[in-house]
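One chain follows as structure tokens, the form predicted alone.
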Amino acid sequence: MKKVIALLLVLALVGSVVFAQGAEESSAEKVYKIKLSHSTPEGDQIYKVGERFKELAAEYSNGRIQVDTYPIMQLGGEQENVQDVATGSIETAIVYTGNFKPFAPSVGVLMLPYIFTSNEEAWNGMDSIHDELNERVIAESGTRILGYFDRGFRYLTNSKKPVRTIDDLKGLKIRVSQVDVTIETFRAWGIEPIPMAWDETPTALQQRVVDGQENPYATIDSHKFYETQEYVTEIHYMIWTGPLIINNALYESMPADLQDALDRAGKEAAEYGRQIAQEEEVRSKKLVEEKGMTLLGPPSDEEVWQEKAQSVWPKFYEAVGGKAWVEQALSLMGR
């Protein structure tokens, strides 16, 4: 009987070891299927970035991370996407910073007017604050940033007259996004802008309800604003930025090698996006000029625009994470 009991104990021990090894192997081989939502159609820069992330995530995880992309708001609007990523209803999304800010106020530091004045400055700035910003975003929203993208500076267009100085803004009705910092910036420049939903903007320009708007060249091109707008002034007050976010609980539940794969894929997708942004700006700028728009370049007094715009910063310190965070971010950027 003793020999039988001893044999059973040995078999049980061997079985538990085999089970543990099998469980470990099963965990190591687990495939994660991830939904990625964004708002742009096929061919758009953000669409291309999403597809690149999909490819890189599969490559760096040896096929254990499978990303399915859902473009053109198939899974809801951007703010809805942020909420769904936070709760885990969907795993990842690419959203405009302005639509992410209500859930993660600290990203608003990237929207302070004239915090960046060139693409290179913006890229270096986003990279330099990435880790510290991520810590704040995780605490605020339950999501994590894998990469930060841009679409270029939001340039001013209008249908009435050349805007070469800040005084030329007078008398113009300019549509702006429904974002408080943008509204206050235009007020600081001496006009009362017209906040308007994006889907209403093309018709408003066409019907002359508003005289102008502000967006990157790629947007001016893709929405054919050259059909209703005549002049472009290259102000550098705000660059379009947007993060690729993932549910943080999901990220932290993954093995370390898959976390590394996601980090690497996000970083490289962002670098790829920057290259596309440059190429798209050159292409779109040339196209809208060929379509008849008059490109005026930067205002001759852009330092005045910058000074007046930066005067509104104190109004938004608390809304973007506090003055201390703004100062820390600027310090990390070497400013």
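Here the rigid core means the biggest group of C-alpha atoms that line up within 1.5 Å when the two forms are laid on top of each other. Predicted model only: the values in this text are computed from it and were never measured. Residues carry their position along the shown sequence, with the first being 1.
Beyond what is shown, the protein has a form predicted together with D-malate; the following relates to that form.
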| query | finding |
| --- | --- |
| Answer range among 100-108, 259-267, 122-130, 211-219 for contact with D-malate, defined in the predicted complex as heavy atoms within 4.5 Å | 211-219 |
| 155, 168 and 233 each touching D-malate in the predicted complex (heavy atom, 4.5 Å) | no |
| Single option in 96, 148, 116, 189 placed near D-malate in the predicted complex, where near means a heavy atom within 4.5 Å | 96 |
| Listed residue (141, 177, 228, 248) with a non-hydrogen atom within 4.5 angstroms of D-malate in the predicted complex | 177 |
| Contact test in the predicted complex: residue 78 vs D-malate, heavy atoms, 4.5 Å | yes |
| 4.5 Å heavy atom contact, residue 61 and D-malate in the predicted complex | no |
| 4.5 angstroms heavy atom contact with D-malate in the predicted complex for residue 39 | yes |
| D-malate in the predicted complex - contacting residues of 183-202, heavy atom within 4.5 Å | 198 |
| Core-aligned C-alpha movement of residue 72 between this form and the one not shown, 2 Å or more | no |
| Core fit, then residue 131 C-alpha moves 2 Å or more between this form and the one not shown | no |
| Large Cα shift (2 Å or above) at residue 91 between this form and the one not shown, core-fitted | no |
